[in-house]
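Shown next as structure tokens: one chain only, the form predicted on its own.
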């Protein structure tokens, strides 16, 4: 019999006294158990056979009649399945399995086999939208068990999966693989969209049909692990999904360390996706009674294309992951590209006045403000020595914070606390705190090495860097946390077991971030990693925003921000107007407005008209930022398929929207030759369209008096009149009576 509960209306907060069937239910038929996880659109069905082996019997669009899930398996005639465990919910190695396992163990007696059988399951109702299922599996021979967790978000169609591994054997067990999730999908064909990149070339997409064998997405960099291979991906079922049609699975591991996702198309043409911590160089010794808990793997299945999937992921992220995800953000002026390392207190005071003149909320002091014995006058020294440089800042940070307040702006600061230059006092005093092989030549990434966060003393030091700055400056309003190096010559002088290094490093980092957030829960923090080297939903539980790339050329950013938008909401994307690229400042500002706006320019070098434009653009941004940050995002015209890129943001009530349009092909005569179809509007509503962010002295081609129906805009479309003389067009839509 299915359990029942009362659900509350999340939007209004009022309790709707309607009884709903429990979203996760189970049926027991003889010795067989069926567990159904349902979200608003989908169902994942777990079932045991007569031996208690747990498999995924179905994952797809949910059925109206739950009893019919039992009939699904009979409809597939794919030939003989030799093992009976090809569709296992968590595939083990060493017994019957012939395919890629989710877990590999060596027991205390040296035996390498594992056979997992269903014992029980438990359901916890967290709130009206969230349920947590725990399924206990146990080996019938060894005192070894795994609990599989499935946290489902009904309205968002999102499931987080992770596992907890324990044993009570007479000795230690070695884990050689320990995945978070093991998905099993059936379709006629599968198409993978994956990403690759490098510094200044982040989030480059590739799509290809998945062929038989194993495709692996992974990273072994230790830190900054998304630099070459981001951990997010999409899998389309039957044919490549489009923005508005097709079935697509989004996948993302909530982990900032080494990751590994195996996608295996088996001999029966079924797809198995196994994702978790990369087991590279990391066999883990598990003591009796110890629990090894993996990070969560997020997946979202959409039957209505990529756009519907991303909008659900954005809402989930704002509601459940990103700090203050439904709140506000600061516009800012950063000093980096105007001064680099060459500044002093007087220069910064002038820049504070520039921030006030520009009209932003905050001034951000970047790299170069610290270290005395080895001054931070370049990237070759000083990193790790976090006292103010007396020559540059004789009165310290406190005086700058006070000066900022007097200028009516807030003050933020850059740190890179996980790293150290060999030319630093920290390196001289604590060489044992540095990750390096004791008998090998040091190798540097950006002239620096990584501190050993597996060491509790280093954890205390890194926390102390932030705690010291924030406790001494209560009005400090923003932290930019950078992470520029990867790990070479992996070795910890603290750890006895080096195979635990990569795992313990990440545990140490998470302890530091948890401690910082516990003491300073409301301080906005930007996640920077030389660009997009650490962008994932584990890190974004601590940071209010991320830095997509050091490449701020607006043309390049259009492509990057487009790809990031599949997985991350606009409120979390930090976008700065800089001098990169050849586009005019209007183009650069419009692109940066598609997220959290910032400036990194020399204000006193702007022309009178450019300064006026920026000042007015910030005022305009403050009137529309709520739509961009909290609204639904629609990708209208793909820059990889058209000469014009177009992005739309629509507020929840569908009464207002913001549309950005850009020329991305400068060949002769290119522009918006056809109308662009809008999405997400109210078909029955009437809208006026006003062009915003006009450069001083220019006129708009858009008539603000013309009224369009939502039906017209979504059926016929609108031509924003983009061409070589109007290469960036920003529009605001407002409903009228």
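Positions refer to the first chain, counted from 1. The structure presented is a predicted model; accordingly, all values stated were derived computationally and were not measured.
Below, we turn to the form predicted in complex with ligand GLA, even though it does not appear here.
*Asks:* Out of the stretches listed (361-369, 515-523, 627-635, 151-159), which one is close to ligand GLA in the model of the complex, meaning heavy atoms within 4.5 Å?
*Replies:* Going by heavy atoms within 4.5 Å, the stretch is 361-369.
*Asks:* If you check in the model of the complex, is residue 500 within 4.5 Å of ligand GLA, heavy atoms only?
*Replies:* Residue 500 lies outside the contact set for ligand GLA.
*Asks:* I'd like to know if residue 528 sits close to ligand GLA in the model of the complex, meaning any non-hydrogen atom pair within 4.5 angstroms.
*Replies:* Although ligand GLA is absent here, residue 528 would touch it in the model of the complex, with heavy atoms inside 4.5 Å.
*Asks:* With a 4.5 Å heavy atom cut-off, would you call residue 336 a contact of ligand GLA in the model of the complex?
*Replies:* Residue 336 belongs to the contact set for ligand GLA.
*Asks:* Is there a non-hydrogen atom of residue 599 within 4.5 angstroms of a non-hydrogen atom of ligand GLA in the model of the complex?
*Replies:* No, residue 599 sits far enough from ligand GLA in the model of the complex that none of its heavy atoms falls within 4.5 Å.
*Asks:* What is the one choice in 564, 546, 414, 250 with a heavy atom within 4.5 Å of ligand GLA in the model of the complex?
*Replies:* Only one listed residue qualifies here, and that residue is 414.
*Asks:* Select from the listed residues 385, 139, 482, 504 the one whose heavy atoms reach within 4.5 Å of ligand GLA in the model of the complex.
*Replies:* By the 4.5 Å criterion, the partner-contacting residue is 482.
*Asks:* Could you list which residues of 443-470 come within 4.5 Å of ligand GLA in the model of the complex, counting heavy atoms only?
*Replies:* Result: 446 alone.
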